[in-house]
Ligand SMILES: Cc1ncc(COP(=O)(O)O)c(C=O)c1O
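The chain below stands alone and is given in structure tokens; this is the form predicted on its own.
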């Protein structure tokens, strides 16, 4: 991002595909609710678990979207999904505990676990498993040295791949049978194209769900998300939140509750992502990048660039410097095989995605 900013400061036009951030603003309903709250006056603390009406609205969302009758008492509002991971790891694990995550995967999973003294266990995924953790792989890792938890994301970052409903259910049941806590990162729910996303909340009351208003609702900078916790852990999370954060920013909570009323607006944004997905999946093979993982959901395409390089970081720098397309090297997400991959975020405008395909094609042809 800093390198791209220098190019732009010098007058260049960079296509930003390096950050997983929607280009669209928060729903109009959310922004209007925030304005009304500011006009009303004082913005104070809320209870540690979140504004009760927001927690109830989130619970209602599970009934409307997934047919799950969810107790609002299990909902915890968080400062984005990031604090959700911190809180759930602190509530469920002790230093030295081993927690399985998919490789490739979102880097802060392993970084937060490491910072807390836990051991992230990378489980390699591949095309045969559609790039998700299988029950067999989980059991194998558990037998080597016992696991205390497993974290999965569907749709996933950086791959955009999703777990089919039956695969998710089988993995949840396998984890629970072996005493492994199950954590489901569902922050890209709503952004599903290949088939509808499934929530672990519909499978087990013992699973922990991490969610956020950042992606589908385009509220990254508002820093507001939520968790669905197993009932016995709610009080522990409440105490942690009281001590670490006091409460989630009130203005963001007010806007988040109103965001649900802007879902139709967000569906229009989602249709833009679907158009971008089509532009890339059809255009990149013609441009010279024919191999990428299943583009099921989120707004990422994880491309295999091994035909051109064995150093994706250097390749990304050249792509930015010479073609003015900013992308993220795969080594950020996969310390083992990531030097052969590049993540492209397609959360921008369709016109820019078309330009990006043209620039990437010209860059690859030039060698």
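Residue numbers count along the first chain shown, from 1. Quick caveat, the model's predicted, so the values are computed rather than measured.
One more form of this protein, predicted in complex with this ligand, exists but is not displayed; see below.
Engineer: Mark residue 80 yes when one of its heavy atoms lies within 4.5 Å of a heavy atom of this ligand in the predicted complex, and no otherwise.
Structural biologist: Contact with this ligand, yes.
Engineer: Would you check, heavy atoms only and a 4.5 Å threshold, whether residue 212 touches this ligand in the predicted complex?
Structural biologist: Judged by the heavy-atom cut-off of 4.5 Å, residue 212 is in contact with this ligand in the predicted complex.
Engineer: Would residue 157 count as touching this ligand in the predicted complex under a 4.5 Å heavy atom rule?
Structural biologist: Flag for residue 157 set to yes.
Engineer: Any chance residue 188 has a heavy atom within 4.5 Å of this ligand in the predicted complex?
Structural biologist: Within the cut-off, so yes.
Engineer: For the chain shown here without its partner, which stretch in 133 to 141, 106 to 114, 249 to 257, 164 to 172 has non-hydrogen atoms within 4.5 angstroms of this ligand in the predicted complex?
Structural biologist: Result for this chain: 106 to 114.
Engineer: State the residue from 270, 98, 223, 277 whose non-hydrogen atoms include one within 4.5 Å of this ligand in the predicted complex.
Structural biologist: Partner contact (heavy atom, 4.5 Å) among the options: 223.
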